[in-house]
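As C-alpha cells, one chain now follows by itself in the form predicted on its own.
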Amino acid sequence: MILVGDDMLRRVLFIDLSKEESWVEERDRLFETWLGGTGVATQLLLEECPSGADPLSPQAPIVLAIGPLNSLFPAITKTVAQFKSPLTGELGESYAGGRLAMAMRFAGHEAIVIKGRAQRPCYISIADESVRIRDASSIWGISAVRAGVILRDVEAGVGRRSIIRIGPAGERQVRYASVTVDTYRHFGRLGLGAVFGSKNLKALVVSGTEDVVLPEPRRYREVYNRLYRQVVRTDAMEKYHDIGTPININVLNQQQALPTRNFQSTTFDQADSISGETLADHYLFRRVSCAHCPIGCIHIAMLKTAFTPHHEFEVQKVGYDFELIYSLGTNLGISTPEGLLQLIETCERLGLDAISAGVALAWATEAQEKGLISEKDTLGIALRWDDVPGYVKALENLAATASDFYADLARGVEHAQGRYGGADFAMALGKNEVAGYHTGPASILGQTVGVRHSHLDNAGYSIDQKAAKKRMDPADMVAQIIREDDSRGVYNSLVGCLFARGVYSDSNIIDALAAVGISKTSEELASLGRSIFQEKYRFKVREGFDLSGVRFPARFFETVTPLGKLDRSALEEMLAIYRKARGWS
C-alpha cells in the first residue's frame, strides 16, 4: 500500500551494478523541498555525480524520477531522466511517456539511481521491492524493438509494467543514442542510451502491484473530474489527437520557418507529401496513449514493404511526429512518406535519437557536397538529398561506428565540424543538434540558454510566432524565455506532458497538489521554479558550460525566417540582456 500526502514515504531506490547491490533510502526532506521530478532529479545528480566525471564512466549515475501527481491525474504521464550527457559534457535531461511513471508509482519508487558498471551485459528487473540484476548476453546486439518483444515474454507477470531498453547504437556508445520506452516513447535527447551502454545495461523492467491511498478521496475526485473535463472537452488538446504535432509541417512551411536541406531553405516544395494531413489520410494505422492519458497523441503509421518480387510484404508499425518528419524528412530533402517512415524505422531499430541523427546526416551531406569529406570517409556512400537507401546505410554505419568518420559523427555535429570543417552549417546549439524551427531569434536563444539546449526548455519558437503577429522588443522576448524556463521547472517536477501545459495553470496545479495532501502557494511555486533552474545551471557550470563561449552557426543568419533574415549582433544583444536579467556576469 502506497500512501499519498503527509504520511507518504518518499523512497529513492539505489542500484550499484558494480557491486550488484541495491538499497532504498527514505528522502522525505528532499521531496518536500524540491517536489519531485526534475527538481529532485537535479539534486540527486548533484549528489551522486562527481565533478568532472567522464559521462561514460562507472561513476556517472543515471537518475529516473517521477512527481507527486504521476498516475493520479490525466496527462501527468512523464518520467524524467537525468545524467551527465556524453554529447555535451554537461547536463543531460530527457523525458519519456509510456508506462514507466505508472510502473514506478505502483512499485513504490519515486526515484531510481543507477551507478557503476556491470561486468557483463545485464538488465535490471524491478518488481515492487524486489530488485534483480539479470544476464542480458543473449539480447546484447539485437535491436531495441526486438529486445522489447523478448523481455515481454521473459518477464511475464502481473502489474503495471514498463520495459525500457537500448539498441546497437547505445551499446556502441553513440553519443546521441536513445532509450526506447514501451515501444513508441523514448528518452531521446543527449545520449542516455550511450550511458546505458557504458554500464553494460541493456534494459530496465519495472512493474508495480501496490495500491495508492489518498488522504481526501472526495476532494481528489472533484479536482480530478474538473481537470479531466478540461483535457477532453475543450480544444486545449484536440489538435494533438487529430493530426498531432505533424500538423506543423504545412503551417511552418507556409510561414517560411521549416528547416529544409540542412537549413539551406525554410520552405520545402514536397512538404505536403510528408505532412501530417497526408500521413493521417493515407498511412495512419492507430493512435496510442501514454498510461493515464485520454488523448491518444501517439500516431502510428503502417509501412508496407516488399521483401520478394512475388507480392510478399512485410508490414511495420512506425510512430511519427513533427520532429521526426523535420529531422529525417525535410532536413534531408525526403519527398515520399515511405522513405520518411523507412528512415524513422531505421533509427527506431538502431536506437538513435532521430533529431540528432537527421541533423548529423544533413551536415554530412552538405560537407560531402563541399568536398570536406569523401566517399572514402563514408565507406563508399555518395550522400545525396532524398536518397533513402544511402541514408539508411549511413545510419547503420553510424550506429556501428564503422569507420573513423562515422565514429566522429557519432560524437555529434559539433565534434565532427571540429575535425572536418563546416562549422557554418553544423546546426547545433550548446553542442545539441537543433530542433525543427527556424522561426526567429527567440528559438535560437532559447535553445542556447535552455538547460538542455532543447526547444522544449522554453518554447522560444512560440515567442517568435507571437512576435511575427505583433512586434516584440528584444527585452520582452528575453523576459518570456526566462518566465517559461522557470515555470517549466515546476511543471516538469510534477512530471506532466507539455501538451497539457495549458490545462495545468498555477491554480490547477495548486488544487491538484492540495488534493493529494501537498500545500503550495503561487509564490512558493514561482520561487521553486527559479531555484530549480539555478540548480541545473550550477551543475552545468560545474561541468564546464560557459555562456560566453556559445556558437551561433552562420547558417541561421543566411536563411530567411518569418521575421526576415536575422542579424547576428541582434542575437548577441539578446544574449547579453538574458545574462543581465539572470544576474550573471
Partner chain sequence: MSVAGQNRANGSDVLVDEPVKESARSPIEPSGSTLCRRRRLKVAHPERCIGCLSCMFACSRINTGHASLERSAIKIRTQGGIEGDPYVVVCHDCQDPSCVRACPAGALCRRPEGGVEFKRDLCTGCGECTKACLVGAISLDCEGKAVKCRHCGACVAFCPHAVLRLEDVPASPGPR
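Everything quoted here is computed from the prediction, not taken from an experiment. Positions refer to the first chain, counted from 1.
Beyond what is shown, the protein has a form predicted together with the partner chain; the following relates to that form.
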**Fill in**
Exactly one of 431, 411, 199, 99 comes within 4.5 Å of the partner chain in the predicted bound form through a heavy atom, and that residue is 99
**Interface residue in the predicted bound form among 140, 420, 385, 224, criterion: non-hydrogen atom within 4.5 angstroms of the partner chain** = 224
**Request:** Tell me the stretch among 202-210, 351-359, 369-377, 321-329 that has any heavy atom within 4.5 angstroms of the partner chain in the predicted bound form.
**Result:** 202-210
**Message:** Since only the chain is shown here, I'm wondering whether residue 76 would be in contact with the partner chain in the predicted bound form (any heavy atom pair within 4.5 Å).
**Reply:** no
**Prompt:** For residue 182, is any heavy atom within 4.5 Å of the partner chain in the predicted bound form, or not?
**Reply:** yes
**Message:** Even though the partner isn't displayed, in the predicted bound form is residue 127 close enough to the partner chain, meaning a heavy atom within 4.5 Å?
**Reply:** no
**Request:** Spell out, yes or no, whether the shortest heavy atom distance between residue 470 and the partner chain in the predicted bound form is within 4.5 Å.
**Result:** no
**Message:** Only counting heavy atoms and a 4.5 Å limit, does any residue of 310-328 reach the partner chain in the predicted bound form, and if so which ones?
**Reply:** 317
